[in-house]
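Take a look at this single chain, the form predicted on its own, given in structure tokens.
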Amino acid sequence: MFGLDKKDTSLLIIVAIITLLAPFILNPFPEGSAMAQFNAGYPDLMQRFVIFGIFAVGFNILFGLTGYLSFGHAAFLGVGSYACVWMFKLLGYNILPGILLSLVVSGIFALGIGYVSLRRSGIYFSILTLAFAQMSFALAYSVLSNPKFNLTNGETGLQVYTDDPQVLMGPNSPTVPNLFGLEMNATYKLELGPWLFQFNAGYYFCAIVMLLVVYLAIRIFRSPFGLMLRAVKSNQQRMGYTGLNTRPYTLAAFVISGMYAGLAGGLMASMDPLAGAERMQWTASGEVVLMTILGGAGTLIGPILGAGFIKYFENIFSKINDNVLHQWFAFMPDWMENAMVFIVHPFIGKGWHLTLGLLFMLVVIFLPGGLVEGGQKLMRWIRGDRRKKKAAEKAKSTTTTEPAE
């Protein structure tokens, strides 16, 4: 299908099914129950899953294929957000012009940064990208917020005001981000007994975009261009000895990766028309590195899994407090209940990073290939167990007893 082999087609179909059925899959517990705390099927979180999945897939094209580790990819995320919000301010709330400008601006920005940074490799490349990202953050936070040419609005963040031009806005046009009239915050709620499922227009738009960019990533991975990038990661020096100039390939990968990040930034602004300099901080760049490594660098589905894993812990575990813990352990005697709350308290709320850090350590130690490697091991174990059972049944069926004398 669309030039993909059977394995890649199956992967894309599985991703599509999981994405489209996410409102059901992410809401396994009834509303109002003690376990409803772990439900993740509400629009804001589902949007973050797919948007940061796009961000991580793009980063994986650079890091997973070429081995170049960028610590400055959040700069493109922020640039994409600012570009999209400016289109809202100038033209109107239709998200397509904003997303297109996010792609163009982030691509040009990535071309400039990549052209300079790719003159070095290894840790020097990583430091250069980090320096560019921090300079971008400083520009957005202070320099470009000068009242004479306020492009970023500083620490307050860029947002849309009623006195903005919005030249394409008509008298009956929606006053929120929309796609030709379909508002991104429109949500249909379905109640089935104690369960509540929410179907959000913005989430499904982001999900369709994610499927398209995942398809594009698969084509890149399987193309001669992708093989060239793998060769760069394997031994760039040897390729240089053959007379092949690898820099155009790595620069192209850097620009494509930056445009993915810009697209993610544009989608973030499309869901919530606000752009702030905090999206360009080094912590945001480090987060996408963790997502990719945790899910499985160099794999197709790994970055999406890593993004979902981290965003789930950030949004779910950070909201658990002592009152929730007391409800969970209320069946215990008071002294044991208080002891359990005391033990678990450092790992929830503001301490969710500790839980994530421990899980990240376990994954790196026991599953160096990330969550994808864990899934592969589980599938091999299941298949091996089935094969053993089939072999045992076959041996039992073919065993014949000796005829009695």
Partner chain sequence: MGILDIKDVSKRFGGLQALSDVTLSVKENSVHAIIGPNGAGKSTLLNCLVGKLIPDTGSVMFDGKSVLGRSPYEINQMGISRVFQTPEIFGDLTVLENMMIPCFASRDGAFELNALSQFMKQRDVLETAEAMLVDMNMADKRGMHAASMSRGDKRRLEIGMCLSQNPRLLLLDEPTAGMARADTNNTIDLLKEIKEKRDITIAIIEHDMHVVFSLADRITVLAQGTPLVEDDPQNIRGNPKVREAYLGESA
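Nothing here was measured: the structure is a model prediction, and the numbers come from that model. Numbering follows the first chain given and starts at 1.
Here the subject shifts to the form predicted in complex with the partner chain, a form of this protein not shown in this document.
- The chain is drawn here without the partner chain; in the model of the complex, the stretch among 119-127, 326-334, 217-225, 290-298 whose residues come within 4.5 Å of it by any heavy atom is 217-225.
- Proximity of Leu244 to the partner chain in the model of the complex: non-hydrogen atoms within 4.5 Å are present.
- For Ala231, a non-hydrogen atom is located within 4.5 Å of the partner chain in the model of the complex, even though that partner is not displayed.
- Although the partner is absent here, Pro194 sits far enough away that none of its heavy atoms falls within 4.5 Å of the partner chain in the model of the complex.
- With a 4.5 Å cutoff on heavy atoms, Val143 does not count as touching the partner chain in the model of the complex; it lies far away.
- Among the residues Tyr249, Tyr204, Tyr312, Trp86, the one placing a heavy atom within 4.5 Å of the partner chain in the model of the complex is Tyr249.
- Contact with the partner chain in the model of the complex, judged by any heavy atom within 4.5 Å, is made by just one of Met135, Met169, Met239, Ile108: Met239.
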